[in-house]
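Quick setup: one chain, the form predicted alone, written in structure tokens, and binding and motion questions come after.
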Amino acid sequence: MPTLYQDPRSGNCYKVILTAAHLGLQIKTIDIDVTSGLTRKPEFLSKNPNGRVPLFELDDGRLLPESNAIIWYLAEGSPLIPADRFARAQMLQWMFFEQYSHEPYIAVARFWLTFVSKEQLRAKEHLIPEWHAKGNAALGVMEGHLKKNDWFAADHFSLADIALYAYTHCAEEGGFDLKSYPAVGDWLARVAATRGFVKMGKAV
């Protein structure tokens, strides 16, 4: 059985769990607290020199880091990746958006405001307004799209929705007001109603 090294609080790890659950795949999970420093120890760095989770280990020992690469690997050949060429490109567009315009602000704000001490936060407090401004800009882009579309690509649930759901659904933990984005809220409910849906922190 393949193994996912994860912190169950991480949205990037949650993407993998959501994808596997939707596809009915069984994976083993090994939980690692990213605040403990374990991902920077030689044993873990020998598996992923970038020192981060998620890390996916196949039965034959091959290793695959990076959340969006892992979910693509799991979903290839399934409806989670659109068959149409342009729709696939749209899906990737939103997955790149998630990593470049969404996650660096929404996930980072959540991490620092929820999972570290007030003493540690003091060193980053000056960045909070930027996190919120840019995170809200990303949510605004999503809101505009979702006012006209139920899903992010191909008119059906895809990896783009999984990638964006992971940190959007818990954005309020980072100080974002999701009530200001009603179309996003409706989309969150649609994702939660999909086949095999599991909440963050649950194993497949």
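Note that the coordinates shown come from a computational prediction; the quantities given were computed from them, not determined experimentally. Throughout, we count residues from 1 along the sequence that is shown.
The protein also exists as the form predicted together with another copy of the chain; that form is not presented, and the subsequent description refers to it.
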Can you work out whether another copy of the chain is within 4.5 angstroms of a heavy atom in all three of Lys147, Glu173 and Ser180 in the predicted complex?
-> no
So in the predicted complex, does any heavy atom of Pro104 sit within 4.5 Å of another copy of the chain?
-> yes
So, in the predicted complex, is Arg88 in contact with another copy of the chain at a 4.5 angstroms heavy atom limit?
-> yes
Within a 4.5 Å heavy atom cut-off, is Phe111 in contact with another copy of the chain in the predicted complex?
-> no
Does any heavy atom of Val34 come within 4.5 Å of a heavy atom of another copy of the chain in the predicted complex?
-> no
Let me know which residues along 60 to 75 have a heavy atom within 4.5 Å of another copy of the chain in the predicted complex, or say none if there are none.
-> Arg62, Leu63, Leu64, Pro65, Glu66, Asn68, Ala69, Trp72, Tyr73, Leu74
